[in-house]
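The data below hold one chain only, encoded as structure tokens and taken in the form predicted on its own.
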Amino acid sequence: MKLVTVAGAPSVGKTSVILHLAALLAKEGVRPAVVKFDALSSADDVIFREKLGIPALVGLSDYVCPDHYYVSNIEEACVWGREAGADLLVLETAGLCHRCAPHIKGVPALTVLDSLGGVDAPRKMGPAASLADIIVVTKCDLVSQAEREVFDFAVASVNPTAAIVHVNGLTGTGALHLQRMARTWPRVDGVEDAVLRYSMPASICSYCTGERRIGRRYQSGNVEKLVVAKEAA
């Protein structure tokens, strides 16, 4: 079974990109499946099943950090994918944390960026963008050619080795390029003992265990405080 990780901030078009890629792959006899990791709710599994008729599963982290929940359940997701008969399993992350590192060594890594997010968007995505193999840029039809080139330059500045692919989330234009790339992706035996490309954000504090009150006296554990320079005071 092949695997691919898909990262990106909310509403950049991750699900649309996956839908178009999965539809193209299904036409050539590839059986895709999708696991969507999210925080509180998601109906993406219904979208994949109703629109494409492919296996789809949603994992909700609830009160747990969605990125840590994702890492803790990758192996289980792969077991589910094999049992579902998938040829390609797409692992889509919640995209809530710009510090997250969802990509895995040896597994194709795709990050979706919205061209309307501004030239700083690639840098703000941290390791999710800088360590991706493919950067998919969406909503390019809503910007000028000059703005598109400036955005692509910003992407290349953050990740000079990544392939940049432009995909229209509404029409699917550009997804054919992804389909060709998917044919070259390797099969993996499993993810046990696999290694993340970058460490996850970590914190064990009172808020991790359910504290809701604000104030120093309620804070304990791994707490970082804002440092205010004299010039800014």
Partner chain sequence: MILNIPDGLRSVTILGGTDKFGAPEPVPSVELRPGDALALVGPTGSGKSELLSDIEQLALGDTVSGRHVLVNGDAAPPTATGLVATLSQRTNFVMDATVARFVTLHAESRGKDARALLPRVLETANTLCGEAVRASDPLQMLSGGQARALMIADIALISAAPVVLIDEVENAGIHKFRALEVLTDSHKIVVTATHDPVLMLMNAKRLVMRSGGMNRLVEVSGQEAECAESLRRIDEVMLHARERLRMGETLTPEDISL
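What you are looking at is a predicted structure, and each value in this text was computed from that prediction instead of being measured. Residue numbers count along the first chain shown, from 1.
If you look for the form predicted in complex with the partner chain, you will not find it shown, but the lines that follow are about it.
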Work out which of the listed stretches, 173 to 181, 193 to 201, 32 to 40, 48 to 56, brings a heavy atom within 4.5 angstroms of the partner chain in the predicted complex. 173 to 181
Answer yes if any heavy atom of Glu147 is within 4.5 Å of a heavy atom of the partner chain in the predicted complex; otherwise answer no. yes
Can you tell me if Leu116 lies within 4.5 angstroms of the partner chain in the predicted complex, counting non-hydrogen atoms only? yes
With a 4.5 Å heavy atom cut-off, would you call Ala84 a contact of the partner chain in the predicted complex? no
Although the partner isn't part of this model, could you tell me whether Asp141 comes within 4.5 Å of the partner chain in the predicted complex, counting any heavy atom of the residue? yes
Answer key: of Val188, Leu60, Ala26, Ile164, within 4.5 Å of the partner chain in the predicted complex (heavy atoms) is Ile164
Any residue of 57 to 81 with a heavy atom within 4.5 Å of the partner chain in the predicted complex counts; write them all down in order. none
